[in-house]
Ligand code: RIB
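The form predicted alone is given below as one chain in structure tokens.
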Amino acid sequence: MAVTIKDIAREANVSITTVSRVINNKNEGVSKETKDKILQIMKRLNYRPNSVARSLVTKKTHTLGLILPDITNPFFPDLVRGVEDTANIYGYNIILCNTDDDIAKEKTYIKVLKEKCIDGIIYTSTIKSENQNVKMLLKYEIPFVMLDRLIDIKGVPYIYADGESGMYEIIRYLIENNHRRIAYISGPMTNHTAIQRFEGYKRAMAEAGLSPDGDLIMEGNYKMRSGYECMSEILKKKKKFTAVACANDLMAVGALECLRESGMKVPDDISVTGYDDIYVSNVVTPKLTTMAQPTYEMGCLAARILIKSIAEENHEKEVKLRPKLVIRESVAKI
């Protein structure tokens, strides 16, 4: 039969309240001698505090929610690992929620996490989100951090990599290799991340005195199939171009497949770039030139900032990280 707090109190000849104070590190009015005695009895009887009962006293579950839009996207595992590793250091567990990029499912998960009395949420919203679920979190007064998303709501901390400067650097690299007709496959333009990267594309083109051709710009959804389909639509227009920049690596892999099936060689005929530097970018043929994001670091920072917020300690409100250009085999100089 499991040892209870009553057994500890009886063995130590103290009240249940006194034992509870020691268990929850609220030692006001408890002498050091009594505390040590209780701890020794707990150790001898192999007592383990009931986490549910303890959370009712402390109002803390030492559990964090992590909401992601698509766990099948290889961008997210390193991010999750960063969150988990840092949370574990601080004694927190993680509940992972995958929304499948569905706003309704995201809303349901937020309600579930609230019912589970989690201490805080790390939140990467669906690409279709317009902050309605953020407003629900604010209403619930649950501490949360936005991850890989920009947000314009005062007081909400957020962590992101600078997508505008990242895509700007990729396009500048293509231009330095004498590419002038550069196609572009964006992410969903309802998403701040996709908008940022598209702004980087336009800025680099404008600074070089180049005018983007609307027929060479397509909107994808960050999935491999959409990269294939967008590339196919661009080819159907029979417009001249020498390079295509994709807003993530999965769409770039889809574009590579489409070009290969169309009888075109990369980079001899068309140069291709990706974004994110997921593992697949280094195993496809040719290996992708891309922009590496500090995903693990982003996850670590998100967990650390959230835990500081829960403890009501001072923390950063905005963290902007710089991505890094990774040059491989998919861009040719012309």
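Computed from a predicted model, the values in this text were never measured in an experiment. The first residue of the shown sequence is 1; numbering continues from there.
This protein has a second form, the form predicted together with alpha-D-ribofuranose (RIB), left out of what is shown; the following refers to that one.
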For alpha-D-ribofuranose (RIB) in the model of the complex, the stretch among 253-261, 68-76, 206-214, 229-237 with residues bearing a heavy atom within 4.5 Å is 68-76
Assert contact residue (alpha-D-ribofuranose (RIB), in the model of the complex, non-hydrogen atom within 4.5 Å, options T193, T99, S186, T86) equals T193
Is there a heavy atom of Q293 no more than 4.5 Å from a heavy atom of alpha-D-ribofuranose (RIB) in the model of the complex? yes
- Message: Even though the partner isn't displayed, in the model of the complex is Y123 close enough to alpha-D-ribofuranose (RIB), meaning a heavy atom within 4.5 Å?
- Response: no
Residue-level question: is E106 within 4.5 Å of alpha-D-ribofuranose (RIB) in the model of the complex, judged on heavy atoms? no
Original post:
At the 4.5 Å heavy atom threshold, is R149 in contact with alpha-D-ribofuranose (RIB) in the model of the complex?
Top reply: yes
In sequence order, the residues of 253-292 that place a heavy atom within 4.5 Å of alpha-D-ribofuranose (RIB) in the model of the complex are D276
